[in-house]
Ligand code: BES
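There is one chain below, alone, in structure tokens, taken in the form predicted alone.
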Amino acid sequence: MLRNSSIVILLLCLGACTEEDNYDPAHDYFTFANVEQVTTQHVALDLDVDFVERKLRGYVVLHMTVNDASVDQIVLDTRDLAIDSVVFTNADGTTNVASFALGDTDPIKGTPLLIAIPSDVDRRKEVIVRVDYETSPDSTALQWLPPELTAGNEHPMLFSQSQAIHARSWIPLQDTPVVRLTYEAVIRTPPDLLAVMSANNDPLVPRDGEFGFQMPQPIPSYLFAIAVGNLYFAPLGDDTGVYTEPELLDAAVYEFGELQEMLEKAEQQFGPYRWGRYDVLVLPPSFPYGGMENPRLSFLTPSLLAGDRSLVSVVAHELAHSWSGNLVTNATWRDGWLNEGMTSYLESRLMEIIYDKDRVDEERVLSYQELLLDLERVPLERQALAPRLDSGNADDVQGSIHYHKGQLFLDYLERGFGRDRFDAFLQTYFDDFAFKTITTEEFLNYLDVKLLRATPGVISRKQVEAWMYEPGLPDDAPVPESTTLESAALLARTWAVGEASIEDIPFDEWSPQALIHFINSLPPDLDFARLAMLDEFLGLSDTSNAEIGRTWFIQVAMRRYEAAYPELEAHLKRYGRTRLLSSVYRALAQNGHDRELAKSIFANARHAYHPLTISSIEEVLKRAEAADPM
């Protein structure tokens, strides 16, 4: 039996597929690359950064292993790249110019680059191929910011976001997580700017316009990352530090001042950190995510700079990716829960050590509530942890289900087998699959051997497969609880009906999570006078905590509390993080009156958003119009 679904669909992606269907759950349907025949081992980049034309220009050298001696071509992934030439380098140093062609363009996957392997290239040895190219100003991975959209208003900035399948829009390569590779790079920039990458950054490197990088550990392509701007560094500990614009450096140093301690505690909990340094980069507001786990250098949104270290769970999440995701990687995007669900679970365990269980229980409850909302919106065929995924968009197939349902599944295993036994399983898992990719089915087989059959009678494989392949939640799924949030919800209801004074509610003693739950627990028919009282007393419309602002403005939009609409619009123009924006746009577009207002605000603000954020909000507005054409 399943919770939160009106239809029971058994084994959606496995049982529903026939032999004639030819669906292979282990196949990556979002790449053109012929990885079974040729596999990249190492990449060398040499790129010039052109802020005037908003392009990267140069070449990539791919060091590849031939798995099939009969192969006559190499197929790479690209999107909107201008390919100038392709050359093979032979073992004796001679070169062969290769013929190449661009195949048909797919709106999601981009365009395959088909490279003919010259007949005299020795396929028994490493194949080395150089591709000269330049990117498009409309690259879906790269955002080129003019000075006025940076904190300093003086220098331009560039940053990338390669996940899920956007590395192909700035590097022609095998853009699939099943391939792990090492890389090196030479990046040339305008004078006085600093380049950083998901590699071994040197905080003391001179700003001479040329920067070299090495990434000795093999990574999947979605972890390629670059940023160029007026960036400066401050150490946070022996192995940690923060890069950002000088205008944000003091705030970032305070906000992430416990990063070294967090890294050391993570190592105690999950095993050795295997990536050298762990630094973070705080980007301008247009960065589309809370954080991106680029190895050695996590990219972070400035919306985390709340001034009270209340949003550091995002940093804990990105750090935890150093084990789940970066060290052990989902083989395809259908297996994304192995990255995000596992990381969300590790994040909660790390936050228990940094804070306490009560604080983490609050976050678990809020995540559970978001999951229930997603289960109302996400189609049934996408609600499984490992759904069938051979079509659609790799960027947005399950909402937060990979995160929250995945975390809940691991909580379920922990409760069943006990924390000590499950912790031992996780450390063995990270050791056995270090620097490898893994499918859901490989994880299930490993879990079967290490836990299910080793401790019979606790949880069956059938119960586990219900999480993997069925929609909704199993009836025995754990339901998180928090006494502090229960108290906040009760106070919201009693205050709403005048049975409690606002001055008597202990807001000062609450975490941001408790205040968020209080706001979400207000009855739908609360009159505007009491909303105004709450706003004035707590300063909700002017809060510096982006998560509280997001929660408040969702309620403002849903209730059509127009007195706060100017501040709502300012919120939508202040941030670029998709999470902080899309739900507010959705509430505004779906309240029955303000869809045109939502479209107008978006039209005025979109120039400052990342392409991924723009795409997400366009989809929100499109769905709102489809649901109610008016």
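Owing to the predicted nature of the structure, the values given are computational and were not obtained by experimental measurement. Numbers for residues come from their place in the sequence shown, where the first is 1.
A second form of this protein, the form predicted in complex with the ligand, is not displayed here; the remarks below concern that form.
Task: 4.5 angstroms heavy atom contact with the ligand in the predicted complex for Q163 - done: Heavy-atom contact with the ligand at 4.5 Å: present for Q163.
Open item on the list: I'd like to know if V378 sits close to the ligand in the predicted complex, meaning any non-hydrogen atom pair within 4.5 angstroms.
Closed with: The answer is no: V378 has no heavy atom within 4.5 Å of the ligand.
Open item on the list: When the contact criterion is heavy atoms within 4.5 Å, does H321 count as touching the ligand in the predicted complex?
Closed with: Answer yes; at least one heavy atom of H321 falls within 4.5 Å of the ligand in the predicted complex.
TODO: Consider R577 of the chain shown here, and say whether it contacts the ligand in the predicted complex, taking contact as heavy atoms within 4.5 Å.
DONE: Yes - in the predicted complex, heavy atoms of R577 and the ligand come within 4.5 Å of each other.
- [ ] Counting non-hydrogen atoms within 4.5 angstroms of the ligand in the predicted complex, say which of G291, P220, G241, P471 makes the cut.
- [x] In short, G291.
Task: One residue of F159, Y278, Y403, F409 in contact with the ligand, assessed in the predicted complex (non-hydrogen atom, 4.5 angstroms) - done: The residue in contact is Y403.
- [ ] Check, residue by residue, if V314, E347 and D395 all come within 4.5 Å of the ligand in the predicted complex, counting heavy atoms only.
- [x] Affirmative, all three are within 4.5 Å.
TODO: Choose from 282 to 290, 104 to 112, 498 to 506, 380 to 388 the stretch whose residues reach within 4.5 Å of the ligand in the predicted complex, heavy atoms counted.
DONE: Contact criterion met by 282 to 290 only.
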